[in-house]
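Heads up, the chain below is alone and in the form predicted alone; it's given as structure tokens.
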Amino acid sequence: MSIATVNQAPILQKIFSQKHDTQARHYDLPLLLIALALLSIGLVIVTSASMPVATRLFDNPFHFAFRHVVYMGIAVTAALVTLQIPMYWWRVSNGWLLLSVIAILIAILLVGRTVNGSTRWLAIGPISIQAAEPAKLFLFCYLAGYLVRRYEEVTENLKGFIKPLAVFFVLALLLLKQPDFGTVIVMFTTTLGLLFLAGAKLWQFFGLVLTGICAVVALVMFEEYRMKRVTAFLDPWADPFGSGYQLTQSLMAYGRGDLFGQGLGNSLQKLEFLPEAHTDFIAAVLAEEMGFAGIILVLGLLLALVLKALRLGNKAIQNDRAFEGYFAYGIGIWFCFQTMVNIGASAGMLPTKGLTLPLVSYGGNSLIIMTMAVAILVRIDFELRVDGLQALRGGSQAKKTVKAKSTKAPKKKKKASSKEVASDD
């Protein structure tokens, strides 16, 4: 075996082992397992929580469970399609995606379907589209693209800082007309977080926070039903059969759950004492049936998902993929804040808001869009892994070329020296 072969052997072994590992794992397996675990827990709890109301409304205790399975199938199919879309497409199409969701929001206000006083759905045959969910994803996609295109403007002058807020303001007006105050809060918080991570000046950041707080207070004070929610949150037991009814029933469910719960299927509050038990207040049924341990399990899984999104965003930015990094940051902040609002509202720590628990609550639009968001995280991770493999191959090829040249150079020199000796003789 030649000296060159001996020197290259460790490098080639490293390349082949890395290639084998990448072929075996082109994706983040723990991230997929976390998402599947949350979807599975959601299916079990939705089935348990929805049985009483499904029996009364449809004379079929598994009506909502069957629908949830269908939604999960659609969500997984949408996720598989999303996995095939390169991040480059999202980067060049974010403006058109935002315009499309604005058009859908306007259409909902004009010809949308009204349920319980809210016009949030656009009915197309048997399909009902709720634009609030894709509005979150497409706004964060647009913001990621904007922060890449206008990074210097955002970090150096006020004009670049105000432009994305103007886009958010348009969406917020359309959503408040439905009305959907909870989605506006989630979008505002995520926008705030992305601007902060992008390096906006602190005085601009704190000014935006103060402005947002004032706007929220004004929106609460000028709408009677929002004011009732706040007063019920502050003292739900003052009117336990009126404005505080939903929260008091939820608190009873948490109290009955204790450490390990009453057992799966043994919730009393889901027997139509607690409204929206399988959607906005599914955490209360989870707490009653699986106890503190069940809540900690779900929160732990969601925390792991959020941390993976944030770490993935950091890794993408370090590898000169700023768009992918900001997009991953946005998804992570979105999941984190929506979880906090859902759990906080059901536990009496925050005013009641109509937001689902990510990947757990019943609701087709929310489940599909959030599963697609997870697929986007998997796609970002996949492209980073492919970039790493290509860089490793390129570096090894360069080393091979340099070493090959270095091994050939002494031979030429030795041959030249022998000719010189012959000519001297």
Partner chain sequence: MVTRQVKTNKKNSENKPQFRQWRFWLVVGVVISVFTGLAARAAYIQVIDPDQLVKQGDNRTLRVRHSAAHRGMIMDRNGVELAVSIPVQAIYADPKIVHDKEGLQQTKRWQALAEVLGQDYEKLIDKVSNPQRRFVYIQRQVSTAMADYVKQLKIPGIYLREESRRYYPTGEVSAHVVGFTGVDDDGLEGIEKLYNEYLTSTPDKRVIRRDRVGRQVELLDEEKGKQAQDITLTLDQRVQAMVYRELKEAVQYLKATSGSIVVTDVHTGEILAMVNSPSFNPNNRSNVSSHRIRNRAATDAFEPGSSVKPLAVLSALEFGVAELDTVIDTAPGRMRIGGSFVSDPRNYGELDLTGIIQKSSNMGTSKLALQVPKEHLLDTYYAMGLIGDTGTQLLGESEGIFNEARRWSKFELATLSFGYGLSVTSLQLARMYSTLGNGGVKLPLSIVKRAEPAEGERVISQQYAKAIINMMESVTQEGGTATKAAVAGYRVAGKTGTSQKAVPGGYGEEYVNIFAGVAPASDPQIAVVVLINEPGGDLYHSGDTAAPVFSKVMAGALQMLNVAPDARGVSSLAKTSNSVGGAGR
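Positions refer to the first chain, counted from 1. Note that this is a predicted model, so its numbers are computed, not measured.
FYI, the form predicted in complex with the partner chain isn't displayed, but the following is about it.
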Checklist entry - So, in the predicted bound form, is residue 318 in contact with the partner chain at a 4.5 angstroms heavy atom limit? => result yes
Next on the checklist: Taking any heavy atom pair closer than or equal to 4.5 Å as contact, tell me whether residue 249 reaches the partner chain in the predicted bound form.
Outcome noted: yes
Next on the checklist: So, residue 222 and the partner chain: in the predicted bound form, are they within 4.5 Å at any heavy atom pair?
Outcome noted: no
Checklist entry - Hey, in the predicted bound form, does residue 257 get a heavy atom within 4.5 angstroms of the partner chain? => result yes
Checklist entry - Which one, 292-300, 134-142, 175-183, 210-218, holds residues whose non-hydrogen atoms are within 4.5 Å of the partner chain in the predicted bound form? => result 292-300
Item to check | Position in contact with the partner chain when the complex is considered in the predicted bound form, options 322, 78, 165, 98, heavy atoms within 4.5 Å | outcome: 322
Checklist entry - If you check in the predicted bound form, do 88, 155 and 240 all have a non-hydrogen atom within 4.5 Å of the partner chain? => result yes
Checklist entry - Does any residue in 318-351 get within 4.5 Å of the partner chain in the predicted bound form, counting heavy atoms only, and if so which ones? => result 318, 320, 321, 322, 326, 329, 336, 339, 340, 343, 344, 347, 348, 349
